[in-house]
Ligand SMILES: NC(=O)c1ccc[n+]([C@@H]2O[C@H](COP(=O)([O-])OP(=O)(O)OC[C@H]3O[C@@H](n4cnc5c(N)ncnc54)[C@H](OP(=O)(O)O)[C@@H]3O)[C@@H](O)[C@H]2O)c1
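Next up: just one chain, as structure tokens, the form predicted on its own.
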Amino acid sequence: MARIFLIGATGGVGHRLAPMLIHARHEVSGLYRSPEQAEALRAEGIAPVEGDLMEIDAKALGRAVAGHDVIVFSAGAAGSGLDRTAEIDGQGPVKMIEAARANGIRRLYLVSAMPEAGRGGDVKDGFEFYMRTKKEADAALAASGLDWVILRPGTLLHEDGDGMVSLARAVTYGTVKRGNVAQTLAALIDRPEIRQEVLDLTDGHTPLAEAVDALVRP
């Protein structure tokens, strides 16, 4: 059992992930912004912790994550503006790293983005800025020396998971159900020997447990 702090607990991946972690007998805390989110988290068995990624600094985040063993960052600005992208997708993971170091927390999981996601279609303004920001956050975590895993899903679908994935250090671009992202994170958290890895994820034809087993280095 681990004490897990979830940044993005109310998001499309986070709200699916938290019940999985609780079912696996982990203790879960989740960051929230508004009172109704706190009530919803508490009803799910998640300890609510107030904080807004647009305002919270690394010291305040450090106080919030104190006493935890693992931090999961699945938050995102979701196309809500360049300023929010820079602060949430860019500075958010950097604050997480500083908060983890301040508390001796080594295990960090970051949901990033596959570089090909969204290309070839009608991309929104700010797309290249978003991708550059995500890559800079990935690089900061990879250079941290901590026991990180960066999970890079393809284009996200608003669907629960079926446990059938393509998961490896490099896979061909595709779409992925948010539920499969959550299931993959839950499985990786229960395999701490998988560390310092950048992993691509799409929906696929391999059972998740088999795909995770294949990641363990001899």
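Start at 1 and count along the sequence shown; that's the residue number. Quick caveat: nothing in here was measured; it's all calculated off a predicted structure.
Although it is not shown, the form predicted in complex with this ligand is what the next lines describe.
By the 4.5 Å heavy atom rule, the three marked residues 11, 33 and 153 all count as contacting this ligand in the predicted bound form. Contact annotation: of the candidates 164, 47, 54, 58, the single residue with a non-hydrogen atom within 4.5 angstroms of this ligand in the predicted bound form is 54.
Between this ligand and the residues 82, 146, 94, 78, the one pair within 4.5 Å by heavy atoms in the predicted bound form involves 78. Using a 4.5 angstroms limit between non-hydrogen atoms, residue 141 is distant from this ligand in the predicted bound form. Interface membership of residue 71, defined by any non-hydrogen atom within 4.5 Å of this ligand in the predicted bound form, is ruled out. Looking at residue 107, you'd find every heavy atom of it more than 4.5 angstroms from this ligand in the predicted bound form. Proximity of residue 178 to this ligand in the predicted bound form: non-hydrogen atoms within 4.5 Å are present. The stretch that touches this ligand in the predicted bound form, counting heavy atoms within 4.5 Å, is 154-162, out of 59-67, 154-162, 22-30, 186-194. For the partner-free chain shown, 111, 112, 113 of 97-115 come within 4.5 angstroms of this ligand in the predicted bound form, judged by any non-hydrogen atom.
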